[in-house]
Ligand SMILES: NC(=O)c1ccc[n+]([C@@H]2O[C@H](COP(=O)([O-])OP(=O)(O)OC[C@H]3O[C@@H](n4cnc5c(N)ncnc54)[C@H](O)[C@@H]3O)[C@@H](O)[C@H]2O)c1
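Shown below, as structure tokens, is a lone chain in the form predicted alone; questions about how it binds or moves come after it.
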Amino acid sequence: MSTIIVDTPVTAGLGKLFSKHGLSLKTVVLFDEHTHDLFGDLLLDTLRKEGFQYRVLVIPAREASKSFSVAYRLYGSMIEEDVDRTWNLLACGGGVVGDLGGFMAASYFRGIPIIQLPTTLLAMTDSAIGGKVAINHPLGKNLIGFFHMPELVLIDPAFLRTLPEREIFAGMAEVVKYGFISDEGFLFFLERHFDDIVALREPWLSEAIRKSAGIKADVVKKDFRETTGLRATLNFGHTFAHGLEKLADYRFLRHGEAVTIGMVCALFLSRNLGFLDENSLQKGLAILGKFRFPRGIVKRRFLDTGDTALLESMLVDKKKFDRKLRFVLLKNLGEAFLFTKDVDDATVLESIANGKEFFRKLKGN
């Protein structure tokens, strides 16, 4: 399993850390344009001082960078720079950089080590952990990829100070998800300290990150290749979310925003199928009601979307089998399970309609 370190500055003593974990001091550093501007000088200066040999790759800071064409171009740069299997790859960025970097590391020379240095809350608590790396296809997100566990996940909460509020709220979706699926006590910790965490106040921020990372790492350890259904519970709300993202062309809606909406719908679906009681539903909705989105985003990307159009978009989701959707549901707050039976379209559409009604009543979005 990966070693996960949460600290500030997390890159202190990087050379010794790499050596301790059997990693060579030859690394390809992958940034996007934003993380290169924000963290490039500091990180590369650290690598120089620590005795690293390195090569730098920079990609556009957009979801479209998770593609075959971008990976193919970067492979070429690595080959021209004589990067071989004795090297590793250090991905410095959010989910796009982490996924693309992991995909390339898993495939280059049939696999080189990947080190994740996440710079967003979503990446720190979700996408950088667990070894699922992928690129997108025009017909769906994350459809082509590998299981390739990172050797190290280096998390520095101070990096989050560079992020706009929208990205913090997007990351909080995955944090709250862990409470819903695994730990009711953590869920209520998040409810109590929600404002502190989104304001990046310590020690609540680091505690939320450590707890989230620990829950995901534990789930991944027990079901790495998603064969028992346990790892699938990490996708609570994601079946709805990926349908929303596809309708938004993977550009106009943050993943965490889609997941927040998706969790609302999934809570209603859990209730509508008779698993979640009304009191638990309302407690869950109260927590999700704390999220804030840019003005109009819910209306344009969810409320104005046809229910049937969203259902059809969900059918492209990578978690479907024979055009049958799989949903992660809750029996209780903190207790999720993968529902393997068919859910009729009418019940799914009812849950979407319930979600829309919730957001219409919610002030502030």
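All values derive from a computational prediction rather than experimental measurement. Numbering starts at 1 and follows the sequence shown.
Beyond what is shown, the protein has a form predicted in complex with this ligand; the following relates to that form.
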| said: With a cut-off of 4.5 Å between heavy atoms, is G102 one of the residues that contacts this ligand in the model of the complex? | reply: no
(Q) Test of understanding: in the model of the complex, would G284 fall inside 4.5 Å of this ligand by heavy atoms? (A) no
Query raised in the report: Is there a heavy atom of G95 lying 4.5 Å or less from a heavy atom of this ligand in the model of the complex?
Result: yes
Worksheet item: Taking heavy atoms and a 4.5 Å cut-off, does E63 contact this ligand in the model of the complex?
Response: yes
Assert contact residue (this ligand, in the model of the complex, non-hydrogen atom within 4.5 Å, options G274, G111, P164, P203) equals P164
Contact with this ligand in the model of the complex, heavy atom within 4.5 Å, among L187, L288, I181, L122 goes to L122
With a 4.5 Å heavy atom cut-off to this ligand in the model of the complex, the contacting stretch among 139-147, 77-85, 276-284, 261-269 is 139-147
When this ligand is considered in the model of the complex, the residues of 126-144 having a heavy atom within 4.5 Å of it are D126, S127, K132, K141, N142
